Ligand SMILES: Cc1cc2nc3c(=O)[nH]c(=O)nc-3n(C[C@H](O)[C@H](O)[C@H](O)COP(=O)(O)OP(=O)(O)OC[C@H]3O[C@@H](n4cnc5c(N)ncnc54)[C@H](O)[C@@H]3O)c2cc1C
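The chain below stands alone and is given in structure tokens; this is the form predicted alone.
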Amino acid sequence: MALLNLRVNNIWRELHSAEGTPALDAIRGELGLTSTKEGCREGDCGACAVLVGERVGDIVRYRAVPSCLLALGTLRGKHLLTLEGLAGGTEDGLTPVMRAFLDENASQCGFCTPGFIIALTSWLAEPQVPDLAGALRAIDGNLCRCTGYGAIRRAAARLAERFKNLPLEPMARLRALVEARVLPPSVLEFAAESTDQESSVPQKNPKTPSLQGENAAPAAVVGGGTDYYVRNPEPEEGFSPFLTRMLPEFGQIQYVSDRGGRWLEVGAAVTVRDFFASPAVRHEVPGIERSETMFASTLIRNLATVGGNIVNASPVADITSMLLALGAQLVIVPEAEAGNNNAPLRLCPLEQFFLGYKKLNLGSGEVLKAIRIPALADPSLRQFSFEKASKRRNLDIAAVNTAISFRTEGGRFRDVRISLGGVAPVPMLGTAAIEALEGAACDVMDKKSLAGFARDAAQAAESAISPIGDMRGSADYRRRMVHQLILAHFVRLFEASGIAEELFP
């Protein structure tokens, strides 16, 4: 078994654990770093959060992720920081984040505290102006059963005030945080090492199928692992999957021209966090960033991948719903040539990818490499909205979700696409609702006509589906929610017209 080289806190280590081992197990077992706690083992509680540092282009960034869902192999050549590593950079064993928790009595049993410290440290390392709202978003994936959160909120507010003047330039920010002892000196050492020794970091997954022999069975494919390790919390000994995040070609966002069209191509291994933060994605789909907090928690978004959300084939996958409405196509390549930019590729419209419940249009030996979103000459003409209904407002799987995309040209609806999730075994297009809008007159300030179109589309979508009931909602509930969410799209996109008062007098 090949050794896995990574910086663990202040030293480089060679680990013997298999690449598919959940990082949590190697951290607590092989490394003996027990401040990282095992809680839910599903990425929901945040007790096992760790900081992962990596070079991205010209910068080094640190983000908190749940180690119970993190494949150890994705840490190759990166910097793993646990609570022991943070404390090692201080004189008294307490970083300013830890001190704020102590002073505000924000820890009782202490089991969850390491995860909160990691998440708030990650928040301070982000190149943004710290404020309380940002701090609370950073810990939205951390649970505490003791304190009632008031003390944690006070600790976060104290940190936001103390560090409100941090530099925004990424490296200057890291230096300032090291000087303030929020981060240890090993952060700057890693930044220098990753610049000088980039060749030491492998550019390809060492376990690609092409290296396993022509007759070997295809390896399991793991993106972020946020679904795989929930279903397989204790993989078999020696588990060594195909890690898409270790292939740079799978992590790019770029424009491509191909087969007579121009596309924004998003690599399958791009994290959900990076997808929503991408200037190119925001340019092509104005307003899409408003939907980010509807998808899981910050910890999960830092790890989950766009491609993983698709191939998981959930009927209510949020990213899938958005991309269906945007007319996305999938770039599929042979696994054995996944790292080859000149590999033969197959394009598949996203709506044709789902053949049945958990059944995909993906042949043996094929892997999803990227997702292409049609690029518009003037993206400002694209209107987009995503809505979902779930038992909790945030951090929950949808019972029903839907997205709409269209543009207005010559005062009419054009290129209308409406996705419906949670109403069939697969994510689907609302064809009847699309037909109710395509080509219709669209006066953006005529609230009466807009309300009429909204009702027509909502009724068409509701009448065309035959959902089943389950623990997340009855069939009648799902039909009704489809109707209401279609109306919500119109309220969001045509708010200035006064349509809300027309629809809900």
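These numbers were taken from a predicted model, which means no experiment stands behind them. Residues carry their position along the shown sequence, with the first being 1.
Below, we turn to the form predicted together with the named molecule, even though it does not appear here.
Enquirer: Answer with yes or no whether V221 is in contact with the named molecule in the predicted complex, where contact means some heavy atom within 4.5 Å.
Expert: So V221 counts as contacting the named molecule.
Enquirer: Heavy atoms within 4.5 Å of the named molecule in the predicted complex: does R231 have any?
Expert: Answer yes; at least one heavy atom of R231 falls within 4.5 Å of the named molecule in the predicted complex.
Enquirer: Answer with yes or no whether L395 is in contact with the named molecule in the predicted complex, where contact means some heavy atom within 4.5 Å.
Expert: Yes - in the predicted complex, heavy atoms of L395 and the named molecule come within 4.5 Å of each other.
Enquirer: I'd like to check something about T402: if you look in the predicted complex, is any of its heavy atoms closer than or equal to 4.5 Å to a heavy atom of the named molecule?
Expert: Contact with the named molecule, no.
Enquirer: Any idea which of 419-427, 312-320, 125-133, 251-259 reaches within 4.5 Å of the named molecule in the predicted complex, heavy atoms considered?
Expert: Selected stretch: 312-320.
Enquirer: Identify, from the list D470, E42, E30, D443, the residue with a heavy atom within 4.5 Å of the named molecule in the predicted complex.
Expert: Looking at D470, E42, E30, D443 one by one, just E42 meets the 4.5 Å heavy-atom criterion.
Enquirer: The named molecule isn't shown here, but in the predicted complex which of T226, T74, T298, T121 has a heavy atom within 4.5 Å of it?
Expert: Contact with the named molecule in the predicted complex is made by T226 alone.
Enquirer: Check for me: heavy atom within 4.5 Å of the named molecule in the predicted complex, for each of L69, M294 and G307, yes or no.
Expert: So, yes: the whole triplet contacts the named molecule.
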